[in-house]
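Listed next as structure tokens is one chain, alone, in the form predicted on its own.
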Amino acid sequence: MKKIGVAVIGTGAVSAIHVQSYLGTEDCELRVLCDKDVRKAERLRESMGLAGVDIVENTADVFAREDIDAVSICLPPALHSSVAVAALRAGKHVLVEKPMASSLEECDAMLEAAKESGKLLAVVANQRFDTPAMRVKRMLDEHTGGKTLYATINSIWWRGGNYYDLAWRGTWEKECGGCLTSHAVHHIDMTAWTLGMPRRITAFLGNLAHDNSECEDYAIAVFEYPDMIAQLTANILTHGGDGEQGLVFQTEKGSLSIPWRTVSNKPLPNGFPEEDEEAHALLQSRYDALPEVTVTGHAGEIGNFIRAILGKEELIVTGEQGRNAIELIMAMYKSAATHAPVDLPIAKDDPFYRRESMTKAMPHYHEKYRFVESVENAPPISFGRMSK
């Protein structure tokens, strides 16, 4: 069987996990690293022992190659849409890093290009590819715990002020957002995936500790559904936060949590709680009976992407789902900027549908004053932990 030829476009920090994942996936072959900074691509090739992989400077040259069937886009967010659209129109399947794009308008351009080309468009949502996430999603779909009443989402991380020294980070023009687009997008995606899209959002944003960023470093939001409420806390201020992220769904029979934990209560005669052993056993037994995810994170998603190209399975994270996360983020930005609740969906004539009008409407919490093009000798980046 012909192997799927792959190119990784952009050789910054996140590209290494894409390379590693493709190398560990059957039915594909990594053939190209593409970056306008050839030295950066050469360092990645050398560090990962990729002697047979070509280095290409221009994306157009990648798209012209007949031996390239699919691309991973690992560029700054402001470039995602234009490069993805060009790749799709050239007949390449696309996996794009999060966030999918900088605006809903750009998301829609990507979706239209995928539809016209007949090629797959996938968006990185690597934190779905874990056993607790997949099992809890299944239990919610099956209503194992009965009706879901309330959910809390903690997307808490810690990043130092020098995180924003990279020239494109911390700017509305190039990163198109702060902790919501760069970090919390993982959990925002999982919120839409597990609960669906809310009807209204109210949000509060600010920047308390990162003075080299124009954008937010914390956000608090309430998502209103017809019969339930979800609350999001997102920030890059929490010491040790990379290990304390998660989603908790309060159902009629008990809580379902990612990472996994379940608690069930029933009332004492005075209304105070005591453990409901029967409900707890029901939830735990269903969780234990569901399939385990054997290949997790980026590797799991890239494996699904390649197998979907070959028609072996359905694509798990689609472009439409990637767009949902962007719509939730844009609603939060609009609510914070206008100091009012925002009803969904966001219309095409709304200023928060387009990048230029959205970035114009958002406050600059600080003005960026330090700029570096790359970070030399940086350790591997962390991807958060939710599977303990």
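Sequential numbering from 1, following the sequence displayed. The structure presented is a predicted model; accordingly, all values stated were derived computationally and were not measured.
Below, we refer to the form predicted together with a small molecule, which is not included among the displayed structures.
Shown here without its partner, the chain carries 134, 253 and 286, none of which come within 4.5 Å of the small molecule in the predicted complex through any heavy atom. The closest non-hydrogen atom of residue 76 lies within 4.5 Å of the small molecule in the predicted complex. Mapping the unseen interface onto this chain, residue 124 counts among the residues with a heavy atom inside 4.5 Å of the small molecule in the predicted complex.
Contact annotation for residue 308: none of its heavy atoms lies within 4.5 Å of the small molecule in the predicted complex. Remark: residue 99 counts among the residues lining the small molecule in the predicted complex, judged by a heavy atom distance of 4.5 Å or less. In summary, the region of this chain contacting the small molecule in the predicted complex, judged by heavy atoms within 4.5 Å and restricted to 235 to 243, 168 to 176, 141 to 149, 84 to 92, corresponds to 168 to 176. Taking a 4.5 Å heavy atom cutoff to the small molecule in the predicted complex, the contact residue among 210, 128, 187, 80 is 80.
Of the residues 356, 320, 67, 37, just one reaches the small molecule in the predicted complex with a heavy atom at 4.5 Å or closer; this is 37.
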